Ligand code: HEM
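Shown next as structure tokens: one chain only, the form predicted on its own.
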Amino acid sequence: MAKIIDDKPRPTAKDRLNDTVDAVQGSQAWSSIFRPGSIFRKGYTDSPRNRSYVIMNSVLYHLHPVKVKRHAVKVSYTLCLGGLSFFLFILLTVTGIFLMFFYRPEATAAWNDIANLETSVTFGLLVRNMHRWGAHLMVLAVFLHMARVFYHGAYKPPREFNWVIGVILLTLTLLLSFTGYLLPWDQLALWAVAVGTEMMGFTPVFGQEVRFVLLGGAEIGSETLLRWYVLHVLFLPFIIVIFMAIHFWRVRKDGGISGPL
């Protein structure tokens, strides 16, 4: 009886890998993630149409301008103060999340948690100092960034709206630093919130209402610490992220960084 011999070559490991990749890239799940024209789509070819698709479908490529002015990349012109301010905000976010694991916004526990963080938590003192000094540096960097923009006349049309956004961001930065000043719940924090809320109480028309909301009552107590903690870790960072997104978007839409005088 004749024996049938299959002379077809067996698929190699590379062939099986290519088949697997083709199957994954041709699946519906893969197509739902990567839009047409993406370099990760099956059958991508280098063409002007697909190049434009890559730019439009990529967040980073879409946000980055096609052309950058020569003066905009000089460190001596911008001193990188805007990027430094954003970097410090990211640093404060990361270190702040670390500190939240070891902190309780309670009047009877806040100071002890800070003391334990500095003495009993690995790298706790380092992270807290990074958060503290990073906050001081962010206030300084944002202020110097505003001064640089004013000196170079970057607040003039068509950038006057973005200047207003920058002023709002500076105010929010100061509020973020001030609300964090209360959280250790020591004598400095208590007197700071006492002076701050008294000043807010003299706001015309609704000053006493604002003071009552910030204190959580008629006088400083546990409710005060909780409310300022929520302002520091949730409300103010959320508002700052929104205004930073608008700020970055307007820089792009207004033609990038303003030119020298």
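Counting begins at 1, following the sequence as shown. Predicted model only: the values in this text are computed from it and were never measured.
Beyond what is shown, the protein has a form predicted in complex with protoporphyrin IX containing FE; the following relates to that form.
- Relative to protoporphyrin IX containing FE in the model of the complex, residues 92, 96 and 131 are all farther than 4.5 Å at every heavy atom.
- Using a 4.5 angstroms threshold between heavy atoms, residue 173 counts as touching protoporphyrin IX containing FE in the model of the complex.
- Heavy atoms of residue 179 never reach within 4.5 Å of protoporphyrin IX containing FE in the model of the complex, leaving it off the interface.
- At the 4.5 Å threshold, heavy atoms of residue 244 reach protoporphyrin IX containing FE in the model of the complex.
- Remark: residue 249 does not count among the residues lining protoporphyrin IX containing FE in the model of the complex, judged by a heavy atom distance of 4.5 Å or less.
- Of the residues 135, 127, 189, 149, just one reaches protoporphyrin IX containing FE in the model of the complex with a heavy atom at 4.5 Å or closer; this is 149.
- Of the listed positions (121, 183, 169, 114), a single one reaches within 4.5 angstroms of protoporphyrin IX containing FE by any non-hydrogen atom in the model of the complex, namely 169.
- Annotation for 145 to 164: interface residues with protoporphyrin IX containing FE in the model of the complex are 145, 146, 148, 149, 154, 159, 162, 163 [heavy atom within 4.5 Å].
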